[in-house]
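Presented as structure tokens, the chain that follows is alone, the form predicted alone.
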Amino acid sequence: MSRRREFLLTLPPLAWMMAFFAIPAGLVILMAFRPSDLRGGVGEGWSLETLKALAEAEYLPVVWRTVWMSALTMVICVSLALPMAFHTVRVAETWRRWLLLLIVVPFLTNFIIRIFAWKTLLHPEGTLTQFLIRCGLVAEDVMLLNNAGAVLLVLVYTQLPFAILTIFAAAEKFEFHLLDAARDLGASPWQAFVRVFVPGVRRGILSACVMVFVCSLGQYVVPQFVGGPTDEMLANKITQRAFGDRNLPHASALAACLMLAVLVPLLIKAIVSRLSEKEVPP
């Protein structure tokens, strides 16, 4: 009876995932093996030419740019989120609520509006650019917009709250008296943080890494609005092939590669989590 109840409880979300994720993803993968129609759309029969075209020199820099920019965003976000989560957990309850509120506030604003706000700030006539020029920190002809640095900056801004909240959830369960014990044994505050706290929240760090990396891989709006022509990421190429060129098989092949890039980190996280559980003594 309990198994039947579990099955009935699992059936609605399973059906939802099958109808709106698994089946559409399967159709996208199948479409990648179809030839393109010159009139726009999908041709008859099956072909591997679309997949072979992905090895062209046009796509390799885009794929590399997508991977390294997502990886660098992940490293920066986790590096900033670790001390932020550490101090947020240790402050008084009143201050903790205010800090969490400040972290969550950006989610109350539309994502597009936030990106446009950064575009305005980084514009040559924007407030941030003019402030840096007046302080003598940058040259008057500097261009803070439409480059890889602007894309990386806004990616970190959009993904940082996810990293902080994920590590914060793990830090709440950490036994902070272990830090006091490490200090009593002669460890410095930095050594206690690196050797005791960081390993203690490693699952939260791993989850934050996967979340930030996966979300950054599929970014389209950020490079579209604050990046230049040479700062396109894989999602931008998919949009161009689907709407500009109307080459649906080609867009599907790129989308399948992106799905593979998303699933690999999730699979690695699942394997590492399983191994960590086996290492924990009963």
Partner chain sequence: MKRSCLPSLVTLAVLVFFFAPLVMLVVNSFNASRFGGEWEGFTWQWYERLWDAEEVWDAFSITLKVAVVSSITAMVLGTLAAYALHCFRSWLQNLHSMLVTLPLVMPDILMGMSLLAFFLALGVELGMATIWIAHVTFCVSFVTMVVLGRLQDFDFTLLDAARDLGASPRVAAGKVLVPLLLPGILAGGLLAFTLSIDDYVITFFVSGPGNTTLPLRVASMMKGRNLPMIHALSTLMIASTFLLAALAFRLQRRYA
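Here, rigid core means the biggest group of C-alpha atoms that superpose within 1.5 Å across both forms. Numbering follows the first chain given and starts at 1. Remember, predicted model here, so these are calculated numbers, not experimental data.
We do not show the form predicted together with its partner chain, though everything after this point is about it.
- For the candidate spot formed by 109, 117 and 262, every residue has a non-hydrogen atom within 4.5 angstroms of its partner chain in the predicted complex.
- For residue 60, no non-hydrogen atom is located within 4.5 Å of its partner chain in the predicted complex, even though that partner is not displayed.
- None of the heavy atoms of residue 140 is located within 4.5 Å of its partner chain in the predicted complex.
- Taking the partner from the other structure, its partner chain in the predicted complex has a heavy atom within 4.5 Å of a heavy atom of residue 243.
- Using a 4.5 angstroms threshold between heavy atoms, residue 272 stays clear of its partner chain in the predicted complex.
- Look at 195-203, 67-75, 120-128, 142-150: in the predicted complex, residues with non-hydrogen atoms within 4.5 angstroms of its partner chain sit in 120-128.
- Residue in contact with its partner chain in the predicted complex (any heavy atom within 4.5 Å), chosen from 169, 133, 178, 80: 80.
- If you take 2-33 and check each residue for a heavy atom within 4.5 Å of its partner chain in the predicted complex, you get 2, 3, 5, 6, 7, 9, 10, 12, 13, 14, 16, 17, 18, 19, 20, 21, 22, 23, 24, 25, 27, 28, 31, in sequence order.
- Once the cores line up, the CA of residue 263 ends up less than 2 angstroms apart between this form and the one not shown.
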